[in-house]
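As a starting point, one isolated chain is supplied in structure tokens, in the form predicted on its own.
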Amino acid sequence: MHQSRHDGHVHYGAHLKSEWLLDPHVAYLNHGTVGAPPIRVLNERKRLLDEIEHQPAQFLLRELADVDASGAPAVPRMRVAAERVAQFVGAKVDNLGFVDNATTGVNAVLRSFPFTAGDELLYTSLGYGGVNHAVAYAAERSGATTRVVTLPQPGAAASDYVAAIEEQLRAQTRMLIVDHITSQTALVLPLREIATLCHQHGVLVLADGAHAPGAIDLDVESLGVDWYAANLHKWAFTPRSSGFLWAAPEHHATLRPTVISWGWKNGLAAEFDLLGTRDPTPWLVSGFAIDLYEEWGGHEICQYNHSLVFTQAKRLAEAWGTSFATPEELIGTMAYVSLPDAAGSSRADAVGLQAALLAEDHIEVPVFADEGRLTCRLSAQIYNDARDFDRLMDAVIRRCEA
């Protein structure tokens, strides 16, 4: 690890790219999509994989989880990892189970909750598409109904998102499914205020926190939601795929994983930690990854990434002649910026531009068609600096002027 400050703190920027396996020739402004674990984490995972193969039955049947673990250690390996993750995200370990990813966690809640005909599931216009499909499926199989609440586009105040949800709550609304950080538009929604409002109306809250751990300071227990599903592989340095599901104690009795196996009815830990034979290393290495994250700065990582992406989003919008009006309090480590009108307006234009930026300019950034114009979602990680954003700014201007 390169360090260039005399105070022992890590100096962030392009020189850190050597700590990742990322192509050094690509300006990678898309960390938020699927994450990217540092090389040291990948090496630790390889070590664990070798350890498993040294005695697979001992490791997977007797040491991994607390199901039929005769002769197992006092704390199974999955629970050791869960303890570290719980500490990192501000959760009680008894309320936390591991899932493949946030979408899997959301599915576990929706597919096990006892919805009945007449119940309404409310989701938002800024929600993740895969999760929206899960909402539709849960309603279809239970006879419940769904409805979407239209949330403001980036540029609105935090209170506007709360107000928009309040206007749409009805007597039959049983559950709200809402992002903590929206996937495409990269907004940090006021989740605590939304949860308080919903509970005042008797509405349960399922939070999709896919982008939150490692991107913002997180204290799950204090958010007041009923369930919280999140990824560790996006911003918390863990390998793909690795996520967790937090559930308030009153919901444990009805909560089941998407795969029923040996832990059935033995408690949240037993049910979620062992879903059958699979590779457990993405979760087992999570403690190592979190330790590395904190060694490299922890909260300082959040601050650097936030400051970099917010500053550069404003700069790019100005250079492109567009506007960026998202309040800073709603920005984490990603930002949503409009491209010039000359960039195009259709989904085909978006797909073509994203492909050209990667193939010809060696820039990885997601491009979308949204309300008749193209937009892009910028991610900032500690291996990025202003030069990566300069490349994107210049490439878009050059293409629009051609």
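As the structure is a computational prediction, the values presented were derived from the model and not from experiment. In this text, residue numbers run from 1 along the sequence as written.
The form predicted in complex with a small molecule exists for this protein as well; it is not shown, and the discussion that follows is about that form.
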statement: Assert contact_stretch over 263 to 271, 324 to 332, 126 to 134, 280 to 288 against the small molecule in the model of the complex, heavy atom within 4.5 Å, equals 126 to 134
task: Counting non-hydrogen atoms within 4.5 angstroms of the small molecule in the model of the complex, say which of I165, A210, V309, I177 makes the cut.
output: A210
- request: Identify which of V109, I181, A82, L121 has a heavy atom within 4.5 Å of the small molecule in the model of the complex; exactly one of them does.
  value: I181
- prompt: Can you check whether N95 is within 4.5 Å of the small molecule in the model of the complex, heavy atom basis?
  reply: no
- prompt: According to a 4.5 angstroms non-hydrogen atom cut-off, is N305 in contact with the small molecule in the model of the complex?
  reply: no
message: in the model of the complex, is there a heavy atom of the small molecule that lies within 4.5 Å of any heavy atom of T33, even though the partner is absent here?
response: yes
field: Residue contact check: T173 to the small molecule in the model of the complex, 4.5 Å heavy atom
entry: no
- prompt: Hey, with the small molecule in the model of the complex, do V41, R45 and T238 all fall inside the 4.5 Å heavy atom range?
  reply: no
